[in-house]
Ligand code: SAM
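Presented below, as structure tokens, is a lone chain in the form predicted on its own.
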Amino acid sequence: MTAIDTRTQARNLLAEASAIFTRNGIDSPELDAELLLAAAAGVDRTRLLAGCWSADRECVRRFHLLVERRAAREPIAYIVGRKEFYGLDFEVGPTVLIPRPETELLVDCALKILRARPGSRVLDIGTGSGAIAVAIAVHAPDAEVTATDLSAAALELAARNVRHHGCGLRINLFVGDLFAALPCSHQKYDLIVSNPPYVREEDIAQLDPEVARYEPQMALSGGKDGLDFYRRLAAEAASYLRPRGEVIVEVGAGQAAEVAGLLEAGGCRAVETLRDLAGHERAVRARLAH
């Protein structure tokens, strides 16, 4: 089959898939169709659209299977098994929350802090795929990073991402609940970061099907008011911070003031509320008060 024939077949397959996705309420039908056809063909989107791939029966069969999964609102990141975060490629799967672009704000802030504190120790609580921990380690190569998660399955995936990015010697992974995951003879940290579960239990069912049906509830539910994790972190964080150590946590809509109050009650002093590119309050930064 010539490149022209391949491009014609690609257009037909993409049009069919895009129509299916549109009927199923998917926001980006054309892009999703292209990503899935590229995945089925084993090429990137550029080669796909240029016709530099083999449109054999097996490829088309794989594509139709992927389209069925996406039409059922399975997240595209889980289907292709990858997601970009902070310019880096990460393996993802249903055991971990899919990294969001908004969370890159935490990494931006962390790196700004670490530039002023070279050789810092960083603790990432609830690391999931390891995206935050790896992004920090890659861009702050003199930092020592510890990452924890309650889910052993999530940490197995995070370990693969750590190895993929060559950070195995500078990121230590521990399974367990919040600070209890750390060894008994724990060291103190210059920076604690976390993108915790903060969705109110009653709101989870109202989220997009991709999130409500497929992403791990453990990584979403913050209890009745969404603040359960913050209460627990704020109560212990000061004991794990070095002098002038800092905390950065992502927050949900309308939670910034309450989270800042919890951190202040736990011995920290709120420094600032960080807004994302859309202008929404996205994270709270606090510093040890003494």
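The first residue of the sequence shown is number 1, and the count goes up from there. These numbers come from a predicted model, not from an experiment.
There is also a form predicted in complex with this ligand; it is not shown, and the following applies to it.
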**Asked** Looking in the predicted complex, is this ligand within 4.5 Å of a heavy atom from each of 97, 177 and 219?
**Response** yes
**Asked** What stretch, of 127 to 135, 158 to 166, 68 to 76, 108 to 116, brings heavy atoms to within 4.5 Å of this ligand in the predicted complex?
**Response** 127 to 135
**Prompt:** Which one, 229, 63, 240, 53, lies within 4.5 Å of this ligand in the predicted complex by heavy atoms?
**Reply:** 229
**Item:** Close approach of residue 172 to this ligand in the predicted complex, 4.5 Å, heavy atom
**Value:** no
**Request:** Check whether residue 103 has any heavy atom within 4.5 Å of a heavy atom of this ligand in the predicted complex, and answer yes or no.
**Result:** yes
**Message:** Even though the partner isn't displayed, in the predicted complex is residue 80 close enough to this ligand, meaning a heavy atom within 4.5 Å?
**Reply:** no
**Asked** Does this ligand come within 4.5 Å of any heavy atom of residue 150 in the predicted complex?
**Response** yes
